[in-house]
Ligand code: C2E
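First comes one chain, alone, set out as structure tokens in the form predicted on its own.
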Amino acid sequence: MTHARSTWHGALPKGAADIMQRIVDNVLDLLLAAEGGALALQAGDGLEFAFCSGGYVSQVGSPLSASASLAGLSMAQVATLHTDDAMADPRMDRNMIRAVAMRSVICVPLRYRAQVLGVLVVGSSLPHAFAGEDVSILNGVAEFVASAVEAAIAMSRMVLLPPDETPAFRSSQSAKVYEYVANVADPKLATYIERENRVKKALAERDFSVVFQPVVDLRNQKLSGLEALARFHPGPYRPPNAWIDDAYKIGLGEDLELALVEAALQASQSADPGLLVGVNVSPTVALDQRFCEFVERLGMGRVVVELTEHQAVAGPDELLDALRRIRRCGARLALDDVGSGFSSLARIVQLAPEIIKLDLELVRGIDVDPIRRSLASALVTFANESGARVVAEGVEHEAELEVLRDIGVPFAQGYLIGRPGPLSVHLGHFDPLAEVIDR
């Protein structure tokens, strides 16, 4: 049976919350007449609907009086109470009757050892819906439910203890206990906590640096631009996209991306103003006004926004507006990873980038694969006719480079040309190219 459900907004880890929710979900299968179930947990002097299912789903977070509700009286008297017609029962909370329209209600106190944790509430919209057997069944499972609730509450108290960020804590017995409990509560929770702490630390301490990979004009071997790439210092090594993915999962993705952009633009200040500097930006950050402010303040009119093709865009009109704003700030658009997906041409037409970057999967093996060569050649023709420039990424072999030259690709980057490294290395190795790529 499928039941409408909603989860309490209280601070419980996922594993503990799942236990609570399963209790109210399964009670609807336990009693055939049941149309709604809820866990009302003790909150201050009264109760609060914490986890609900079925007809009670809208009441998550709603308070219950300890003296003016059947559930409150059940907890206070530590006794199972039920009503066959809530409309005529003075013990019922009038507001609750109007909200959920439950005529038959059973309330079972959840007692664990000497403590009453709350009340299990089961209801039906029909009067006289429950028989004596139903009350006995709920009394029979009450001890188990109370034990499960106590276990979930205990897990939440331990797991949600905020970890001390000092090295002493991380190597202490407390930290080991913390991680152990997190894993037991929910195998994914410890990973989430570790990810959150790692990203927050990297952001707070700016524990990352920027390296640059050269983009070279294949016609004269001069340096035409640089792509800024992030490197995170905490080991073991993880690629930048993994860090950014983690940051978005905990709500810090935009902050981390913007911090990397700011670091890249600051690090490029000593380069010749004629060199273009590419920064990898998601559509989410492209929509952020803070990014435009960085471009205006630090970009020196040479920023290339490398927008990945794989990033889904919820509102394409908003993205186009953002790109127009970015261009007004003095930046250009490069569409990254072109040729790696089915949406390449549609995206090029939609976004009209100044620069088209051929994905390394298209470049790799282009010297021995006529299909790759044909597709790349078609993209070069398309770019020439639309006024864009083409940069081939991931060039690693001389044979690939020769084919790219033959089909008219004017710019390239990759390990064969130059590995990512400090800005000073590239400025000393290549002569800068004065040409600036314009539409």
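As the structure is a prediction and not an experimental result, all values here were calculated from the model. The first residue of the shown sequence is 1; numbering continues from there.
This protein has a second form, the form predicted together with this ligand, left out of what is shown; the following refers to that one.
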{"item": "Contact label in the model of the complex: E402 to this ligand, heavy atom within 4.5 Å", "value": "no"}
{"item": "4.5 Å heavy atom contact, L360 to this ligand in the model of the complex", "value": "yes"}
{"item": "Interface membership of G55, this ligand in the model of the complex, 4.5 Å heavy atom rule", "value": "no"}
{"item": "Exercise: V395 in contact with this ligand in the model of the complex, heavy atom 4.5 Å", "value": "yes"}
{"item": "Interface segment, criterion being heavy atoms within 4.5 Å of this ligand in the model of the complex, picked from 44 to 52, 408 to 416, 59 to 67, 28 to 36", "value": "408 to 416"}
{"item": "Triplet A230, N241 and D336 all within 4.5 Å of this ligand in the model of the complex via a heavy atom", "value": "yes"}
{"item": "Heavy atom within 4.5 Å of this ligand in the model of the complex - the one residue of E354, E306, D288, D246 that qualifies", "value": "E306"}
{"item": "Contact residue in the model of the complex, chosen from L260, V105, L276, V216 - any heavy atom within 4.5 Å of this ligand", "value": "L260"}
{"item": "Residues from 268 to 289 in contact with this ligand (non-hydrogen atom within 4.5 Å) in the model of the complex", "value": "N280, V281"}
